[in-house]
Each structure stands twice: as C-alpha cells, then as structure tokens.
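Below you will find one chain, with nothing else, as structure tokens; this is the form predicted alone, and questions on how it binds or moves follow later.
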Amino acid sequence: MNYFPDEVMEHVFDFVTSNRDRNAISLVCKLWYRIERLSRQRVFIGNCYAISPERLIARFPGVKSITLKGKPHFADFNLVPHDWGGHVYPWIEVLARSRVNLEELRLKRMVVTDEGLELISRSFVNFKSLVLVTCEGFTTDGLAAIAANCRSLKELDLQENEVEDHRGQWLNCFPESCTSLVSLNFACLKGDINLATLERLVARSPNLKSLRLSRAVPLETLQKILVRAPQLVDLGVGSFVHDPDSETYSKLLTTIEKCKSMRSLCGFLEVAAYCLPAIYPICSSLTSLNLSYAPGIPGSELTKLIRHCRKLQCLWILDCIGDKGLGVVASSCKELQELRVFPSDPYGVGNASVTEEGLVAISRGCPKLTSLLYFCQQMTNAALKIVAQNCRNFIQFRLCILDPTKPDSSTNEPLDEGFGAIVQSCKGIRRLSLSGLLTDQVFYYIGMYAEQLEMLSIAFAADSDKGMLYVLNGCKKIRKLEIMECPFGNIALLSDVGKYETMRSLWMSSCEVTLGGCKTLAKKMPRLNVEIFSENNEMENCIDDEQKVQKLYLYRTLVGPRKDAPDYVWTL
C-alpha cells in the first residue's frame, strides 16, 4: 500500500499535530504504526496512572514533549484529599534513566518536588519548557535549579501552583548567558522578588513575548520592564497602584503607548481603579483580557475599560461587572469567542452577581461565542432557549448557578427544557456542565442530541438511575463523566460496564453506589482501576456490601493498580 519511502511518510506525519489524528494514523497498518511510533515527539497523557513511563518510552522512543495530568478534575474543588497521589518524580526518574531527549514537560494537578526539578535540570541538556498548572510540593529551591542548569530554557510557566518561597533570590540563578527566554510566568509566587535581577533578565531576553508578574512587582518596576521589552505580546500585571499625578505614572503612560505588539493582558493582582486609564492606549489591540484575579476593580471601571477593547476574542472577568456591564461587553466585543464570568463572592449572595439577563445580552451581541463558563445567581428556561438560538457554535458550555438546585427563577420549573435546547441547537458541544433543578428529562436530551460530548460534569441532579443511563447509552464519544450528589446507584453503574473501556475516567461522589456494586464492576472489568475512598477511612474495615461508597474513581489503565495509593484508597 505504501508507495513512498519511510522518510517521506515520516515527513508527512510531521504535519499531523493532533494527538487524535496521530492515534488514527497508527491504526492504518503495521508500517504506518512503526513510522508513527518512531516519529512522534509530543505525547499527551490524561492520567498519570493509565500507563507507566517505561511503556511510554518503549512505544515512543523519540518523545521530546510530554503533557501529564495527575489528580482528578474534582481536586480543583477540594474533593480529592491532599495526599491522594499524582507524584511526578517516578516519571522523571525513568525518563532520566532512559536518556530520552526531553525538551518540554507540562504537568497539571501533580505533586512536584524540588528533587524532581533538580533531576530535570541535570538530566536533559536540551530542556526548554516547564509548565506547571495547579501543582504542589515544590519550593523556589527547585525553581532555582531549573533557572541555573537549563541553559536552553525558553518557557517557565507557573499557573496557580502552591509554591513555598524559601527566599526571593531564585531569579538570581539565571546565568548572565541566559538570553533564550520567550515566556516567563511567576504570578502565583507570594514572596519577594529581586527587582533589579528581574529587570536585567528581561533586558537580555530579546525574544521574550510573554511575561506574567507577581504582586511583589510594583508599578515602578513594571514601567522599567516595559521600556526594556516593548516587544511583549502577553503581559500579566502584578501591582498596579500608584499616584496618577506622579512622575512614575506619567512615564508609564508614555511607555505603554510604545507597546504596539501587546495582544493579551491579565493579572492586576493589586490595583487602584484610578490607574486603569494608563492601559487604555493598548486596549484597542487586545484580543485577550483576564481580570478574574482583580477584585479591586469595581464594575463601573470594568465597563469603562471594556468599551476600549473592541477586538477581544477571550474575556475572563468577575461577576461584579453585573448584567449592565455584560451588556456593554455584548455591544463592544463582537469578535468574542470565549467568555468566563467568575463569582467575586462564591459563598455569599451578593447584589453584584450576574443573572440570565446578562447571558441573553451576550448571546445577542456575540454570535461567534464558542466557549462559556458562567457563574450566576439564577437562570430561566426562556433565557437558555434564547442563548441556544443565538449561539449555535458552542464547544464548551458550563453554567454554574451558585445555588445548585435552584429552579427556573420565573416559573419555578426544572431547567430541563433550557439545557435541552442548548444540546439540541449546539451540535458541536464537547464539554458540558449543568446546575440548577434538573430531572431525568435533561439527561434524556443529552443522550439524544449531544453526539459530540466528551466531558460532562453534573451535581445535585436527576431523579433516578435513568439519568445516568441516558448519558452512557446515548453519548458515544463521552470520555470523562463527573457526578456529585446524584441518585445514581448500582443499576446505572453496572448496566453497560464495557462503556468504561472507551472512557478515560468516571468520578462519582456522594451517590447511591455501594461497595458490592463496585466489587462487581472490578470483577467484570479487570483492566479498569476501581478506587473507592473516604477521608475518614470509613471503608477501611467495611465488609458490608450494602455500604454506600463515599467516592468512586475508576479509570482505564495498562499497568494495573497503582503502588502509591494512601491507606484510605481501596483499589478493588
């Protein structure tokens, strides 16, 4: 079948970058499998316990870039105990021992240690990129090792990590010869920063395009950095507080006007609203604006700022903008494709929160919207139907009502018909999160119409096992299913156990599943890891098969039960 030399096919395969497409290519024939195996350099692993590093290297000996995820997604909501697992050191150890030419490592929800970072810095001479997202376990000593020893480093990206700051001198460890940085993000660090060292590092990095600063970097230093790096495309502001009548503020105004390449702005971890006019000159060029960490900006000032941002494609913002502010977004940002509205007070019932009114306005003014995360106080079926009619290109739709069982605020009915309209109209939805009063009917709609759905998150919903069965039977492409506080029991869990081998994972917490049901599942499907656990060790000595399981996490794996499970995790 193959009329071209292997070298030609390998070159053709280099143009196929999607992991899904590469997987499909490898299934065509044995020759294509071999060529794809030897030529693949980038690998994504959605669960670090699904495969061992040894098997990964045996399959892809030329791997240079690895993306690896650890803890389940619900760890972001404190539903996974702190010491559950997700350790990356065993992976680093095997990769180092195997002498692969690792250049990029991207980790999410993993436990990273200083020893691991030190090993990375000593083992991979061409290491260029380290991205850590919501990781924990390391300190600035580990960052110092990366800075000192990775001489080709282009990217150091620290997003929402828990980092212990031993001292504020880790930036000093970048050698004077380091001129390769393209992206540097240390916004999550809380300790002091050597400001003079930071300025020198930026000055000798002519290719620096993305820089995100911590709150320890004041406005004076920001001004000096922008003088040295007018080529920045992405800027994360730390502290933005100063006297608008000062010389420093005046200099900042002049400097910002020269930043012609700026396209993305975020941060403002400490901000004085009266300083915001300083960034107006670059707003007309922005395509991305993230103010979700800027509670110091009142809604009125947000509205003024957004009126200047006519080209925005991505906007992350707090709900203090209000419905009227979202109306301004709708009238100003006609190119908007992604919107995330976060709660400024997720535990309270504030007057500033947005409602269905703001969402309807967005749907009417932003027809190109494809991704939505919307925290709100209330919602109606009528509003969701309007949204479904106006925005048919959603790929991600996540709506979170702060009272998760609240019905339609106008009719007091369940929100089934509104979400049903969303999945009927938006044929391409791949990720969906629901909240509000919901019955089995909404899951019937999801199973019937959400043909492309890959990830579904639900809580406090449904009437019976039928809800889960509708999803499992109808959503042929479902890969991740996350369920909390729903009345789904053994019938739903065991009706189609073969389905789980086509999925990445299933999470169920505080449902009606019993220990006996989990044992039956584990017996029927030995290639799945079925983990049950309780933080108070309720299951440790339990022999009653009727005992309800507090948390169930099952996932497919090629390597059997993991070896680092804590005592409270029971692998069946």
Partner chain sequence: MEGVSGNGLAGPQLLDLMPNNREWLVMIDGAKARGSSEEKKLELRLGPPGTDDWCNLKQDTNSKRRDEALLSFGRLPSMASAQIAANNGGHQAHKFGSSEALASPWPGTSYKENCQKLQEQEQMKPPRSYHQFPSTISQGKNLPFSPKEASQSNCNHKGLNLQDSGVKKAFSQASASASAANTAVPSVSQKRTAPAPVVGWPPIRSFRKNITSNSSAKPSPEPQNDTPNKVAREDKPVETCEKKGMFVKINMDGVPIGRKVDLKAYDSYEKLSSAVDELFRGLLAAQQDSSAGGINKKQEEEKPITGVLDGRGEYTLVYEDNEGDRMLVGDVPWRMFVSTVKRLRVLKSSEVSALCLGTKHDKNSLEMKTNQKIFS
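Positions refer to the first chain, counted from 1. Predicted model only: the values in this text are computed from it and were never measured.
A second form of this protein, the form predicted together with the partner chain, is not displayed here; the remarks below concern that form.
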property	result
Candidate spot His82, Tyr293 and Asn490, all three touching the partner chain in the predicted complex (heavy atom, 4.5 Å)	yes
Segment that reaches the partner chain in the predicted complex - one of 354-362, 232-240, 492-500, 197-205, heavy atoms within 4.5 Å	492-500
In the predicted complex, the residue from Glu335, Glu257, Asp403, Glu93 that sits within 4.5 Å of the partner chain by heavy atoms	Asp403
One residue of Gly299, Gly327, Gly474, Pro218 in contact with the partner chain, assessed in the predicted complex (non-hydrogen atom, 4.5 angstroms)	Gly474
Contact label in the predicted complex: Glu54 to the partner chain, heavy atom within 4.5 Å	no
Any non-hydrogen atom of Asp157 within 4.5 angstroms of the partner chain in the predicted complex	no
Contact of Arg151 with the partner chain in the predicted complex (heavy atom, 4.5 Å)	no
Ser435: touches the partner chain in the predicted complex, heavy atom cutoff 4.5 angstroms	yes
Residues of stretch 546-572 in contact with the partner chain in the predicted complex (4.5 Å, non-hydrogen atom)	Glu546, Arg556, Leu558
